[in-house]
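Take a look at this single chain, the form predicted on its own, given in structure tokens.
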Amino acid sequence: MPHRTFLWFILPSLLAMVLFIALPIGSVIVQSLYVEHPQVMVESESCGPFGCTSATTVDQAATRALREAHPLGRFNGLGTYLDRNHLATTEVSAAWQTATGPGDFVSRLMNLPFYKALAFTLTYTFVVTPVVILAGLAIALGVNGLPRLLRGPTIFVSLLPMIVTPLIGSLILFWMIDADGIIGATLQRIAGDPDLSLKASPALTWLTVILYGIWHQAPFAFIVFYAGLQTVPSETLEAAQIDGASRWQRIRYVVVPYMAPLAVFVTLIQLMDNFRVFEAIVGLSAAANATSLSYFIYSDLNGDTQQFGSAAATSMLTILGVAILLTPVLIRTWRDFNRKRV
């Protein structure tokens, strides 16, 4: 294809990427360099028969005029990225110098909001992603081995978790794990502890959110792998079977290598989605024990005072985190592509 023709072919996609990806990210970068204007305070004094009293009030007109004159806020540079609510460089340095050991240093980091959210986000990502891939492949292999009459209903049931929207699904689970719910009440009876609560324990809250993530996202991996199984060369499988390969050996040496590109694709999608975990935390009301970077952004924008600069800084750190997670997978994919070309 001539270069000019190729350019015109991809021009609509390039324009859409610039309008809906590049420009919004650029605006977020600019906003992250600013912080909100402080309120203009006015001290007034009123005197009466028993003396004078002073009071401090907000000058609404002056505050409004200041914000209208500088709508982005006050320039803060990289200060927002380095403050206590984000990278907390000063606090981390002090903790490193005064910590009595690695455990003490980690515990101090967990007291900082950004690192606490980052710890749960990474744990969720690195647990859910491989389990979803393995579960999706296992379900696909199981369904592919069923009689044709049973495949349709089984596929429909397997896709139900993906059909239910994340927020609704997490709300349903939230009601089920409540003390009066079927799961919560059953666990209380099994443990013999009427005060047992899945919502009160940080460890159980993390486990609940992670299990929900696996349940909700496994159908995506399943449907991708199931579609890939339909393209596996039957001649290769039959040849392996004739050579005496067992079912497990055929899966290990024929199916799995053939499905490797699909596994890379699912891994990329899962890493991006899991690093931005949000709906499960909201639906399960788990923010007290499990806070993600996306929920951190939501809190900044949903508080009494909207902190746009803080939310923008966390957004950029989230984008950077996703890029770091995807880099090894993309590098390996690029190397495999070049190896095949050679």
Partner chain sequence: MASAANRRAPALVVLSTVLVLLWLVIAAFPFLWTLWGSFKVQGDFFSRADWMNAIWGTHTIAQTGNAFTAQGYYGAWVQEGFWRAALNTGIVVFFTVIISLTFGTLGGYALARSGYRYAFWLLMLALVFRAMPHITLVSGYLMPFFQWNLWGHLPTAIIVLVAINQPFTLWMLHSFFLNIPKDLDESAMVDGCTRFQSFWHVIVPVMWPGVITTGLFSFLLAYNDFAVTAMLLSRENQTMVPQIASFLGSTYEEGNVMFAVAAVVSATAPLFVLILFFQRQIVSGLTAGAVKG
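Numbering follows the first chain given and starts at 1. Quantities reported herein were computed from a predicted structural model and do not represent experimental measurements.
Absent from the display: the form predicted in complex with its partner chain. The rest refers to it.
Using a 4.5 angstroms limit between non-hydrogen atoms, residue 178 touches its partner chain in the predicted complex. Although the partner is absent here, residue 27 sits close enough that one of its heavy atoms falls within 4.5 Å of its partner chain in the predicted complex. Within this chain, residue 290 is remote from the site of its partner chain in the predicted complex, having no heavy atom within 4.5 Å. Heavy atoms of residue 3 reach within 4.5 Å of its partner chain in the predicted complex, making it an interface residue. Looking at its partner chain in the predicted complex, residues 87, 107 and 204 place no heavy atom within 4.5 Å of it. This chain appears without its partner; in the predicted complex, the one residue of 118, 269, 131, 245 with a heavy atom within 4.5 Å of its partner chain is 269. Contact annotation: of the candidates 127, 254, 262, 95, the single residue with a non-hydrogen atom within 4.5 angstroms of its partner chain in the predicted complex is 262. Counting a residue when any of its non-hydrogen atoms is within 4.5 Å of its partner chain in the predicted complex, the hits in 285-311 run 294, 297, 298, 301, 302, 306, 308, 311.
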